[in-house]
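Just one chain follows, in the form predicted alone, and it is written as structure tokens.
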């Protein structure tokens, strides 16, 4: 693991690191905030997955999470959104595909399958590195994210309910099978058989029997992607009649930006901490 930067913030450490990934076949970069409490004891881990076009840096620079994470004693891990490098496949004129648009899935189609294994990277390889290098309590993990990252957080939680104890999302893509900005990428990554897409769709996973205790979703009503890309009411409909608890909060005037995310970041951190500290 290479140290790219380390800075003190609110008594803790904000670091940016890189490592050679066996899963993606590339050098991967990620950020970690370690709270001051980790000097003395292992602390819960909260994963934040970013959205389309983003890197680890978007939430690190604009998410405003460090003050509250330090107060609550949360380790916050912010991975990149895709593999990167000159040899990694990409579509330069399509921001919904390729670099910055890994969709948190394991691609099965050429040329994407060789590098775009983000599901395995997030759920297997990077957690092993975090457990080895930081004072992290891997028995207490939560996950959240924004947009594409909200999709990733929800699907990963639904598929790994024994690993994660909490999950929330800002403006998530809850139904990629029908969203206008994911169908093209899903077909290129996973092939034309839509039955295979269901493994990475929160609504479909619930319909197919996957369960997670509860979700918190915040969504801005002024989000330009609300109707065709996000549609959180579809997930609300999917969990009806199940034992899944959903808190869906719709906010007037808020859009899809980090102004929205930073406004409600403290709420999410407190929500996760309450569930992780109770274990």
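Positions refer to the first chain, counted from 1. If you're wondering where the values come from, they're calculated on a predicted model, not measured in any experiment.
Heads up, the form predicted together with a further copy of the same chain isn't pictured, but that's what we're talking about next.
The shortest heavy atom separation between residue 62 and a further copy of the same chain in the predicted bound form is within 4.5 Å. The closest heavy atom approach of residue 9 to a further copy of the same chain in the predicted bound form falls within 4.5 Å. Shown alone here, residue 225 lies farther than 4.5 Å from a further copy of the same chain in the predicted bound form, counting heavy atoms only. Residue contact check for residue 18: none of its heavy atoms lie within 4.5 Å of a further copy of the same chain in the predicted bound form. Partner contact region in the predicted bound form: 66-74, out of 42-50, 66-74, 236-244, 206-214, criterion any non-hydrogen atom within 4.5 Å of a further copy of the same chain. Contact annotation for 227-258: residues with any non-hydrogen atom within 4.5 angstroms of a further copy of the same chain in the predicted bound form are 253, 254, 255, 257, listed in sequence order.
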